[in-house]
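A single chain, nothing else alongside it, follows as structure tokens in the form predicted alone.
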């Protein structure tokens, strides 16, 4: 593989090096190094493609240091597709990297488990047992809920109060094992908004974590499986159902499936079709007639854990451009109990498995967000991405703040009972 193929060179030329991305970048804020900014990384990529530098360990380290939060894309006046460039380079690097066998084995097992529901279930049971020995806390693994909370959702859940639509809901890989209560809240809110909810028993993982970490072949395979699974869920006229997603990272990835099939036009068309009918939970609930049905049920007095603060998941605001809808829904659910959070679009440091692979860097990114939460006076931090939710929970425990963390779906569920 030549060095030019490591980089999507055409996309790198869109960058005019204006520097507006610098202060939006969490790693640049930590280090102050030009090479740790989006502009600096693009310069490194271009230099590799042009043969000015070699893609050595320092280059690979700088690519790994990026959180892929895509905040830089929101402020870029040139429309640089930084996230796509980074995924391309990470994937190309992975093909030529000589990782230690232990690292290769760990990646193979970890990314393999995400593809298999039974493997996920067994891993969760083993992790639950490990918690009793204290081993899980020692390695920093997230706490596992008890078995009753990890029961998978039924494949068919009828609408309440008359059906307005049928929808598919993404169950995902880790959400049922780590945040089953969020899954149930999501389904219940959709039902109360007049939707009959269907779950695909065939589907496990969309491949988001694989794509972000250089496992391009696996990401393509999982994208194909996702498309096929949700093409099978149809309404009475045979039309595929809208796909509702409560994980910002998965939603952003699924809405960009098409780029994984640049060499397969038939699959690219099917990917575009799925992306076009995929919605973040807040996006869908903000549409009529579902919004009106849900608003009839919302009672701000049912929310007791205020004040509330909303934190934008990076892949919701920067990846999908969804900002207004979750705020409006949260405001309707908690009334005057919503307080502002400083710099809410800044990354919390979760970034998929980044917090596991680079815990020190992840904590450095999270720390100013914890201080912003402390200053807000909020008693509940609300977000809508599983990684962010767990990252905030861990950071709040460490900071010993009297604050709980909820997914937007949980707040809406409580307010609509």
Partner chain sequence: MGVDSTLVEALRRELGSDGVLDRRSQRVPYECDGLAFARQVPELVLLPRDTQQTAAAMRLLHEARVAIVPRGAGTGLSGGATPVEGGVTIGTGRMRSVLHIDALNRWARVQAGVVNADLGHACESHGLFYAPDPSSQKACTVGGNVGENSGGPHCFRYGNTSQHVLGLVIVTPQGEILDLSEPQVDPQGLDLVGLFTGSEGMLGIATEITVRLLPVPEVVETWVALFRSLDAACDATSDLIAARAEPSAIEILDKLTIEAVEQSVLRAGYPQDAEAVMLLELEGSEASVQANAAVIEPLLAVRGAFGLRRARASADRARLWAGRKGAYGAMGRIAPDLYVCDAVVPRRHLRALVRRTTEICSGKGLRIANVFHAGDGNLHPNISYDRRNPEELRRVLEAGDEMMRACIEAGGSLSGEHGIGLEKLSAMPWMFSSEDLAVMCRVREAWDPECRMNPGKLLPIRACMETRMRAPGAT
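What you are looking at is a predicted structure, and each value in this text was computed from that prediction instead of being measured. Numbering follows the first chain given and starts at 1.
Below, we turn to the form predicted in complex with the partner chain, even though it does not appear here.
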*Choose one stretch from 364-372, 349-357, 46-54, 381-389: the one whose residues place a heavy atom within 4.5 angstroms of the partner chain in the predicted bound form.*
46-54
*Among the candidate residues 92, 341, 76, 209, which is the single one with a non-hydrogen atom no more than 4.5 Å from the partner chain in the predicted bound form?*
76
*asked:* Can you work out whether residue 394 and the partner chain are in contact in the predicted bound form, taking contact to mean some heavy atom pair no more than 4.5 Å apart?
replied: no
_Residue-level question: is residue 399 within 4.5 Å of the partner chain in the predicted bound form, judged on heavy atoms?_
no
_the partner chain contact in the predicted bound form: residue 70, any heavy atom under 4.5 Å_ = no
*Are any of the heavy atoms in residue 64 no more than 4.5 Å from a heavy atom of the partner chain in the predicted bound form?*
no
*Residue by residue through 15-40, tell me which have a non-hydrogen atom within 4.5 angstroms of the partner chain in the predicted bound form.*
15, 16, 17, 18, 19, 20, 22, 23, 28, 29, 31, 32, 33, 34, 35, 39, 40
